[in-house]
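Consider the single chain below, provided in structure tokens and representing the form predicted on its own.
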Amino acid sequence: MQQDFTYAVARVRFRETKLLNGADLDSLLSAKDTDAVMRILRDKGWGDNTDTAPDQIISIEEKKLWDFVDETVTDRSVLDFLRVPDDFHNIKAAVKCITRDIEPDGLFLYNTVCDPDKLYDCIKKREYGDLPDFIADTAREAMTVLLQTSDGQLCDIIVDKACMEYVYKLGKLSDSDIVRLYCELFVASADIKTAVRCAKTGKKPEFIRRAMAQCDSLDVDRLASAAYEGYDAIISYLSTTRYRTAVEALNTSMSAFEKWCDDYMTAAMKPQKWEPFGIGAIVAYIIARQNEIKAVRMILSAKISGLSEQTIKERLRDMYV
């Protein structure tokens, strides 16, 4: 039976009024130092009413987001496409810690489908059958490859590609246009970033193709061939796709391209503000909140590093409100 999101959407509508807007970001940007930024954030309800450090306030807000989602959405599996990338991150962290005989303190992400501690324990004991089906084979392959080759980069591309393929599968199975769009962009943007990195490091065709996942909006074979030819070939191919408007950002920097991806998704999400039913409004809110947290993290880091206000502005994403 299809889940009724009416109650969740109503709660999201209220939460949207609490999101930071452009004027709020300007206030944070013009604050003279990190302490001033933190005071503004606490006045906006960020943190837990204690004198927390910048990194702690970010963690608190991330936890608030997912606590809210979990108490509002009855079946959390409908949002697995947003959670599973953290599961695959944890596979990489686990296998590298196990093979290096170090503890994974602070390396795991906890907004996941599979409990990170269980994941670590199963991989360490080679009990892959006790893991959820969507990560069991990937965990086994990653551990085997790292033990046999000590090639951390190969291990990473195996896990990253498995992540892309699973997120894409979840998108294809969804009834929501916005979920399908998100999963499409998730894979396409990862493929583009992979192509650029491979072009700049001179990777061989076999490596490039192995690192990429199929998606509808790109001809991955053409993109892989372009990556082997060089950066200019990538730009030439992308200029013929729906991602032609990303070319300018790519020519600026990879961080500019990542900003383009986030802004593209934010623009796609905005019509969900007027949708009273369905999962779209919830997904839009989650992504908006994640971008908000990302923006604050960026501002705090920049204030600590002493970067100029203009430099920070160039990197900030468009806000949902």
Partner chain sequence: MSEFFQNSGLFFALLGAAVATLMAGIGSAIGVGKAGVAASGVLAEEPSLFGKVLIFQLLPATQGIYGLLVGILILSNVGLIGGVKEVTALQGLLYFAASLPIAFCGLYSAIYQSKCAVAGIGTVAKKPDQFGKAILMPAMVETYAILALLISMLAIIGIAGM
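Positions refer to the first chain, counted from 1. Since the model is a prediction, treat every value here as computed from it, not as a measurement.
Although it is not shown, the form predicted together with the partner chain is what the next lines describe.
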query: Non-hydrogen atom contact D24 with the partner chain in the predicted bound form at 4.5 angstroms; finding: no
query: Residue contact check: E309 to the partner chain in the predicted bound form, 4.5 Å heavy atom; finding: no
query: Interface membership of R11, the partner chain in the predicted bound form, 4.5 Å heavy atom rule; finding: yes
query: Contact flag, R15 vs the partner chain in the predicted bound form, heavy atom cut 4.5 Å; finding: yes
query: Any residue of 59 to 84 that, in the predicted bound form, places a heavy atom within 4.5 Å of the partner chain; finding: F68
